[in-house]
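In the block that follows, a single chain appears as structure tokens, in the form predicted on its own.
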Amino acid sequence: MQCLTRLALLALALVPLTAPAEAVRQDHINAELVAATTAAVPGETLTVALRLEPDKHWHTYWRNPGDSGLPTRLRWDVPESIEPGPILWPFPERQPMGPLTNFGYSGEHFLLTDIPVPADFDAEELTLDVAASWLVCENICIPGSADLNLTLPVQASAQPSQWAKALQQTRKRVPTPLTAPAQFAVDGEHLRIQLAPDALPAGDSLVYFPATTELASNTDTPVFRHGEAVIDIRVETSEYLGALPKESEHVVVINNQRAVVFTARQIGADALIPVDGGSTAAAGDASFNLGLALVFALLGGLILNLMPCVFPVLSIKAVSVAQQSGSAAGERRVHALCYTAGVVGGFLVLAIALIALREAGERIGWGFQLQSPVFVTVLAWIMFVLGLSLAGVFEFGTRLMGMGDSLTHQGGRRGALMTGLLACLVATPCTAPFMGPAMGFAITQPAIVALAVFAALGLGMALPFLLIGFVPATARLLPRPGAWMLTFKQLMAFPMYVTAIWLIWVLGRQTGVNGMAVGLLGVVLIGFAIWLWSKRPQQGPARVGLALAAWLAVAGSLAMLASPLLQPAPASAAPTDVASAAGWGVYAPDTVAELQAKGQPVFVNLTADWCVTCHVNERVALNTATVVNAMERSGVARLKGDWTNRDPVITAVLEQYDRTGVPLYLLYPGEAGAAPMVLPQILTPQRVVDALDTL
């Protein structure tokens, strides 16, 4: 009985910590304060939101309410050490009402606020009080307000709450900052806002919202014109326009899926850039459509076979193809289809992961998995094991470890499938011509369209081997089987070792020498496990004991993947010595703007340590004496942005130019706010010099 009583008291004591805040019902609207997690975690940012649910046909207002209305307001009352951020406004809907147009929200919606919780916050619970006020309207408007509160336990970790998914969806609708320079002027009766020609996608549906009030007409439909040198947004000025501000803020919604916000500085009308020859973008235009994206993806995948990152795995496939040279035509076709299934399946898995993470609010792009030190470590170990297998050091017999064997000299259908999958994984550090526009298009489309484009990319990559399997004339060109195959197979082990060393180097750049040591220790443990496995006798207790010891060594290496040493190094500790030693400065959008304002042209190189194409371009073009001398003659400042680890600023720049990965090369003229020239992803010295000559 005493035990039950204590349990009841304990339950009552916990109620205030976990009880959800109750919704408040007022005239035609429900209001509630909710959180994305079940607890507040010291040292982390807590996302809370004012949940508003107006009745059908009723609405509330955005930060700029439009021709009438008032934005929702929040006044926080929180502990002294807590400082809530501003409201993160999702992009609104246009709400015409007679001659007026308002901007706001109908149906259930959330206004997010990020609240950093100090690392030394030691209370048992966090209570948030907020005084919220709003205006809810249909044909009439009713002001409303409520004092809302939310109490969360303070814990070392937290789980997603029932509101987590809705708040994630809302965060995707919060405009992200656009780093491109922008300017505005009043030209007669129109407000004209101008951005760099690549600042917004040309073929997408664009909707403009003025974030600065009493500047642009809320009723007029803005016109987007994509000229060769500038994007021009033209809209009638507001009838309440007074003195022009020096800076104004604007929001553009893209495909009704995401939005960007940017600040434009005031210029004179005579300083506007002409847009003659430009095209007017209407909603729904698609200059880069699905058909073109599929063709580009197919070509990009085909060329991907020529990129250096794919070569190690293609060496495995070369061994397999050589082994098939004497096999029946039917068997060659099956192998080709299995390999194709592996490549296409791998790209689809990557696409699904990419789409899911972006849907969850992550800002990532092509090659995102290589931004994970754990993934790089595992890939390095796989390359090391495959190298040993090709060299003939071991032959595993168990199902799990037999995967390595299947990938190499068994040449079976499973081996062909796994080789295709591995080829896809190691291809991601490279970007081939045609890939950038196709991937950039795919990532902004519905999931089914994106998957189709990624599948076309995989099909293009597998195309040469499909040709060998299905066209007898090409198969007859293959060399005949013989003793040379064993030597060839062992020779192919060395590209694997080189790839493993490169990945360990990437790991060192991501995590520092301690993380690299963890990766190398894992290599030793895996090598030790293989040695133990090879020493097993045919039978007896020693066979079981050595097998157990081998698996313990493998388990030890896997346990090291959880080491904190495999975390990305802090930004302040990120290595920048290579950039500075080679004459490159560190990229930042503000630095570009400052240099342009001084009249100096700027070359921006967005790269990553795991990007093989980036390194090749630097070796054969960017760091050659020809290009360096040409840049010095032209007075070009060189800036390098490192995307080895996640960097939201660089991700935003890539998205701005419809790229999902590096490399990206931008050449800015020495004119304030002038748009950059986008260079190809594969560079030669002459291509760079030709671009410099246009300055």
Partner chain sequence: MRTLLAPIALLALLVGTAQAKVAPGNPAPDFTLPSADGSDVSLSDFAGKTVILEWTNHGCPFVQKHYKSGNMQSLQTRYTGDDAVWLSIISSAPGKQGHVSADKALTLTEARDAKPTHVLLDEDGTVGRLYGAKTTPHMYIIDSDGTMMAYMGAIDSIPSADTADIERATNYVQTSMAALAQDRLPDPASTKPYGCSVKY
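The shown structure was predicted, so the numbers you read here are calculated from the model rather than taken from an experiment. Rigid core (definition): largest C-alpha set, two forms, superposition within 1.5 Å. Numbering follows the first chain given and starts at 1.
Keep in mind that the form predicted in complex with the partner chain is missing from the display, and what follows is about it.
By the criterion of a heavy atom within 4.5 Å, Asn139 is counted among the residues contacting the partner chain in the predicted bound form. The partner chain is not shown here, and in the predicted bound form it never comes within 4.5 Å of any heavy atom of Ala630. Within this chain, Glu239 lines the site of the partner chain in the predicted bound form, having a heavy atom no more than 4.5 Å away. The partner chain in the predicted bound form is approached by Asp67, whose closest heavy atom lies within 4.5 angstroms of it. Among the residues Leu421, Ile526, Met516, Leu135, the one placing a heavy atom within 4.5 Å of the partner chain in the predicted bound form is Leu135.
Checked against the partner chain in the predicted bound form, the candidates Leu486, Leu100, Ala269, Ala156 yield a single residue with a heavy atom inside 4.5 Å, and that residue is Leu100. Shown alone, this chain has one stretch from 41-49, 28-36, 58-66, 644-652 that lies within 4.5 Å of the partner chain in the predicted bound form by heavy atoms: 58-66. Superposition on the rigid core between this form and the one not shown places the CA atom of Arg75 2 Å or more away from its counterpart. The Cα shift for Gly342 between this form and the one not shown, taken after rigid core superposition, is smaller than 2 angstroms. After superposing the rigid core, the Cα of Gly641 is displaced by less than 2 Å between this form and the one not shown. In the predicted bound form, the Cα positions of Arg63 and Val649 lie at least 3 Å farther from each other than in the form displayed.
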